[in-house]
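Below sits a lone chain in structure tokens, taken as the form predicted on its own.
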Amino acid sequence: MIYYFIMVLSVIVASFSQILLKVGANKKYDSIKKEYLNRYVIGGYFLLFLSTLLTIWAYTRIAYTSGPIIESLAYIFVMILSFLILKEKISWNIILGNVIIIIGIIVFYI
């Protein structure tokens, strides 16, 4: 059971990574070096690396068919974090798209 929690934690960490990278991409920098070597990009890639390690660790004990179902939670987490942190609007099309993706993944793996 703990490995399922680790997998969900991995998805949460990856979602925060995507938000950090988006924040970094939205900022203007005066040089290419600063554009790619700033705290948002470095932090985002660090979190992505951490997420990868957590996913590998979780896959040592959970079934491979369970992973994609849990990882589909990333669509929901990124949507919520985008709304809270980036102040992006959530339209009905976005919600419907996320629901269709998640239903498709669940149906495929059942």
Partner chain sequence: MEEKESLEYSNTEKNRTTKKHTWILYLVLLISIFISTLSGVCAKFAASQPIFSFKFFLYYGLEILILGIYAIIWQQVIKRLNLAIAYSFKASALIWTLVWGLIIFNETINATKIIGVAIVIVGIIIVNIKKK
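Remember, predicted model here, so these are calculated numbers, not experimental data. Residue numbers count along the first chain shown, from 1.
Here the subject shifts to the form predicted together with its partner chain, a form of this protein not shown in this document.
The single contact residue among Ile70, Leu47, Val41, Leu54, judged by any heavy atom lying within 4.5 Å of its partner chain in the predicted bound form, is Val41. Residue contact with its partner chain in the predicted bound form: Val78 places a heavy atom within 4.5 Å of it. For Tyr4, no non-hydrogen atom is located within 4.5 Å of its partner chain in the predicted bound form, even though that partner is not displayed.
Contact check for Thr60: no non-hydrogen atom falls within 4.5 Å of its partner chain in the predicted bound form. Its partner chain is not drawn, but in the predicted bound form it has no heavy atom within 4.5 Å of Ile85.
Within 4.5 angstroms of its partner chain in the predicted bound form, the stretch 1-28 places a non-hydrogen atom from each of Gln18, Ile19, Leu21, Lys22, Gly24, Ala25, Asn26, Lys27, Lys28, taken in sequence order.
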